[in-house]
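As a starting point, one isolated chain is supplied in structure tokens, in the form predicted alone.
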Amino acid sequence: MSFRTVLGKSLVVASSTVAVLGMGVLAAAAQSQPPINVVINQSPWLEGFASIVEEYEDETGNRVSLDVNPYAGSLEKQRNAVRSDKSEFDLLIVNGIFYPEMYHGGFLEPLTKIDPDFELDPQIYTYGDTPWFDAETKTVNRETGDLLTVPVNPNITLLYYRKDLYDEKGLTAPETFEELLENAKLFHNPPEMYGIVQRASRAAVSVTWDFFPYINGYGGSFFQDESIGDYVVTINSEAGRKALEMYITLAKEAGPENTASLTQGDLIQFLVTGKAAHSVLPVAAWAQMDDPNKSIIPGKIDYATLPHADGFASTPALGHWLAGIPKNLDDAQKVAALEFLKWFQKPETQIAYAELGGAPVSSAAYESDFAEKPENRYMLAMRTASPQAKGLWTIPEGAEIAAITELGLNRAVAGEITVVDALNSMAKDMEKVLSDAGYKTGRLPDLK
């Protein structure tokens, strides 16, 4: 498995663990730190992150090992590590959907407790202020909370579309869902070309994440107002109905017959093989679109913020990744892990991260000259999308909620149950989870 394609180096793989062996060229000039072990998921953005880790090793002489796992496997390893007497990992790459479990559980060391002078670089995007957590109020709060993490990947969803086909017909990127449907149907010519490919398979968080921008884009939500602790379930609103009906209409009228079984990897393959005109994917997938070793249509995909319904705002799904340091570590290991985060968040590092094929988390990269190059056009869409992105939830019961929505949404897209039945049943089950956990909750009256 070779990740370092840019600089011609590779990672050594053994039993799902990737050991990043740095050259230590500038070791004599760098502050020496003990080696650190990082648990991370296998994903489209892993290659870029692995490359910037090698840059850190080359520059400082400090060593980093990446323990690479499937999505669910990484989460399970993190859960086990923070509950053990001593964590085997010095840095946890925590998903922006499941980070509340780490926050509410009190498993992460506040970064300013390791170094009182540490601050998040002002150019780092804060993604809804999710790096901070107030343990007393149990809320994400920059003003009163402790700084627990540093963002390492944005993982915001963008609309991927065939710019060459749009140019042929004199079209511009769709701004509304109706425009997206109209354009997708225009290009739909199966099996040679599908108007749009969507993910609706079940996983830890799959169709739930992809559906989230639709319900928000129609003015709906999963909960009444999470920011003030109001967890009345609102997924079964009229906005929810319109959103799910649109999601299914796109699948039926402009997508493959097997939408309910499609994974994120499938969507990427449809695009890079020239068989899809549109898809919604996280920004991390951009690097594959122009890679001639992976795509037969390099240079033909462009990017835009996600569509929305008339009168509402675009709301990309935020599934970002945050790096946190476990409390159950020796002080020396905490310091070593923080040294990497200090280096990683620097503006110059973030620009290098972009140049190595990563998805940076700093405005320094997205506003740099590098972002203006045609081959980096995804970065222009990210300038707009980053401030608009929204996370699914900020509570540790997210995994239980996702299990409910994954099943309900998948069955609706597959045609096993109606839109109304799916939304009503999900609302009922979500209310029970929240009620059992002690939240102020309830649900809207059933749709008819």
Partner chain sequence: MTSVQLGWMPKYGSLFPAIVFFLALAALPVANLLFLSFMEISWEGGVVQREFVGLENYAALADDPLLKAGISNTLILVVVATSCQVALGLALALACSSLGNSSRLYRTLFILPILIPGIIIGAIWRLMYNFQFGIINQGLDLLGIPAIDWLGSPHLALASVIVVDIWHWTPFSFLLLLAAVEGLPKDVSEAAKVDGATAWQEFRRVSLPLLWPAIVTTFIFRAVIAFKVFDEVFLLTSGGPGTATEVISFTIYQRFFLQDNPGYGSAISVAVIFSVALVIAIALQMQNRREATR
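Please read all numbers here as calculations on a predicted model, not as lab measurements. Numbering follows the first chain given and starts at 1.
One more form of this protein should be noted, the form predicted in complex with its partner chain, which is absent from this view; the next part is about it.
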| property | result |
| --- | --- |
| Within 4.5 Å of its partner chain in the predicted bound form, all of E178, S368 and T384 (non-hydrogen atom) | no |
| Per-stretch contact check against its partner chain in the predicted bound form, the hit in 163 to 171, 264 to 272, 124 to 132, 237 to 245 (non-hydrogen atom, 4.5 angstroms) | 264 to 272 |
| Its partner chain contact at G105 in the predicted bound form, heavy atom, 4.5 Å | yes |
| E76, heavy atom within 4.5 angstroms of its partner chain in the predicted bound form | yes |
| is_contact(L147, its partner chain) in the predicted bound form, heavy atom dist at most 4.5 Å | no |
| Interface membership of E355, its partner chain in the predicted bound form, 4.5 Å heavy atom rule | no |
| Contact residue in the predicted bound form, chosen from Y194, W286, F344, Y218 - any heavy atom within 4.5 Å of its partner chain | Y194 |
| Option touching its partner chain, based on a heavy atom within 4.5 Å in the predicted bound form, out of K294, R83, K185, R142 | R83 |
| Sequence-ordered residues of 383 to 410 touching its partner chain in the predicted bound form, heavy atom within 4.5 Å | A399, E400, A403, L407, N410 |
